[in-house]
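Next up: just one chain, as structure tokens, the form predicted on its own.
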Amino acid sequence: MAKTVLITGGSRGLGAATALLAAGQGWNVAINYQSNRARADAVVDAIHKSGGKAIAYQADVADEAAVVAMFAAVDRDFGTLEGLVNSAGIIGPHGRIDQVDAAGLARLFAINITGTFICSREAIRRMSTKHGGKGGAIVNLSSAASRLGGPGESVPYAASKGAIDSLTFGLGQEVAGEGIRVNAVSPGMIDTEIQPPGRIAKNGPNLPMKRAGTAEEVAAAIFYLLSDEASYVAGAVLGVSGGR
């Protein structure tokens, strides 16, 4: 039987690229989106046209009740869950720390950190052999910003991804003996719509590989960690950053 993966933030960017790749490899795909139903439906339709199975689920990952309801719906529609990709995330607030406000920080951390924790919790309750599950894999989306810091522009975002690195390493150890592999992918500058206008053209040529990466290149790394090919990989953060 086909395995099932839930991808948060699966309607665009890295999440959408991962959804298409996983479906192409025979996985059933549950696609989470926050508000843009049309974008999610477009990914679902593309998967259906290629002969795969996918369903879109609306939920704000920062809303615990919504996340619990989403996982229950995935249980109903697909049964056993074998994979979770925590791709939902935002970048703002931008600017120096002396410019940011608490409300912006709270929203950033609620989505990027708390949302990842809650979704991971629900996946563990289903996958862990301790809870009667059959194991599985969780792949978190970190960022090279967690190492680079984002001074003057995105220190809060970098800090949120530093938290994801810590979560990945700690949780990877916590549940490795329960049949769950927890890892992360840490992209560098990737050419997706989340980038500010002009940033790719300006900064891409200055990278070691002289270009920005693609969503498909990151998706390939995510799927590797999701798959049985990474059967002895746990607590790792895989950089996909063009050498930076």
Ligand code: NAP
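Keep in mind the model is a prediction, meaning the values are calculated, not measured. All residue numbers are counted from 1 along the displayed sequence.
What follows is about the form predicted together with this ligand, which we do not show.
- At a distance threshold of 4.5 angstroms between non-hydrogen atoms, G52 is out of contact with this ligand in the predicted bound form.
- At a distance threshold of 4.5 angstroms between non-hydrogen atoms, I47 is out of contact with this ligand in the predicted bound form.
- Within 4.5 Å of any heavy atom of this ligand in the predicted bound form lies no heavy atom of F78.
- Among residues of the shown chain, G188 is one whose heavy atoms approach this ligand to within 4.5 Å in the predicted bound form.
- For the marked spot (H94, T114 and A159), a heavy atom within 4.5 Å of this ligand in the predicted bound form is absent from each of the three residues.
- Note that among 167-175, 136-144, 121-129, 97-105, the stretch whose heavy atoms approach this ligand to within 4.5 Å in the predicted bound form is 136-144.
- Residues A88, G89, I90, R107, I111 are the ones in 88-115 with at least one heavy atom within 4.5 Å of this ligand in the predicted bound form, listed in sequence order.
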